[in-house]
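The chain that follows stands alone, in the form predicted alone, written as structure tokens.
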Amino acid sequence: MKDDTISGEQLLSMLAALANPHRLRIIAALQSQGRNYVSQLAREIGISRPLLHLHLQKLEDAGLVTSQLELSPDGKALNYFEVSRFALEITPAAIAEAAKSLSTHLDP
């Protein structure tokens, strides 16, 4: 996702999703090992499947990973995840541009 006009909401979503060590490890594992299904990824990272699901949902909502449900040869449903293509360049100018589109204004 290389977009010079990223919205403020998108930037906040991406930064919030990345501001967690488990989520960084998830992206690192998917980047280095390729797409993977939830049970296997949970074993590799060393966290429970329910916790992994929560983190994957946050990453998917931010557009950093994608999922695809597939059937295994024995008929089991496997939810595969992979890293989305994205590039995030954080500069003061990019932040200023993104801030222009924020829908929430904080009161002093």
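So that there is no doubt, residue numbering starts at 1 and follows the sequence shown. Being a predicted model, the structure only gives us computed values, none of them experimental.
Omitted here: the form predicted together with a further copy of the same chain. The next part is about that form.
A.B. asks: Have a look at 46, 34, 75, 50 for me and say which one sits with a heavy atom within 4.5 Å of a further copy of the same chain in the predicted complex.
C.D. replies: Looking at 46, 34, 75, 50 one by one, just 46 meets the 4.5 Å heavy-atom criterion.
A.B. asks: Is residue 28 close enough to touch a further copy of the same chain in the predicted complex, meaning at least one heavy atom pair within 4.5 Å?
C.D. replies: Looking in the predicted complex, residue contacts with a further copy of the same chain include residue 28, since a heavy atom lies within 4.5 Å.
A.B. asks: Is residue 56 close enough to touch a further copy of the same chain in the predicted complex, meaning at least one heavy atom pair within 4.5 Å?
C.D. replies: No, no contact at 4.5 Å.
A.B. asks: So, residue 5 and a further copy of the same chain: in the predicted complex, are they within 4.5 Å at any heavy atom pair?
C.D. replies: So residue 5 does not count as contacting a further copy of the same chain.
A.B. asks: Given that a further copy of the same chain is not shown alongside this chain, does residue 83 nevertheless sit within 4.5 Å of it in the predicted complex, heavy atom to heavy atom?
C.D. replies: Residue 83 belongs to the contact set for a further copy of the same chain.
A.B. asks: Note that a further copy of the same chain is not shown here; using its position in the predicted complex, name the residues of 80 to 97 with a heavy atom within 4.5 Å of it, in sequence order.
C.D. replies: In sequence order, 83, 84, 86, 87, 88, 89, 90, 91, 92, 93, 95, 96 come within 4.5 Å of the partner.
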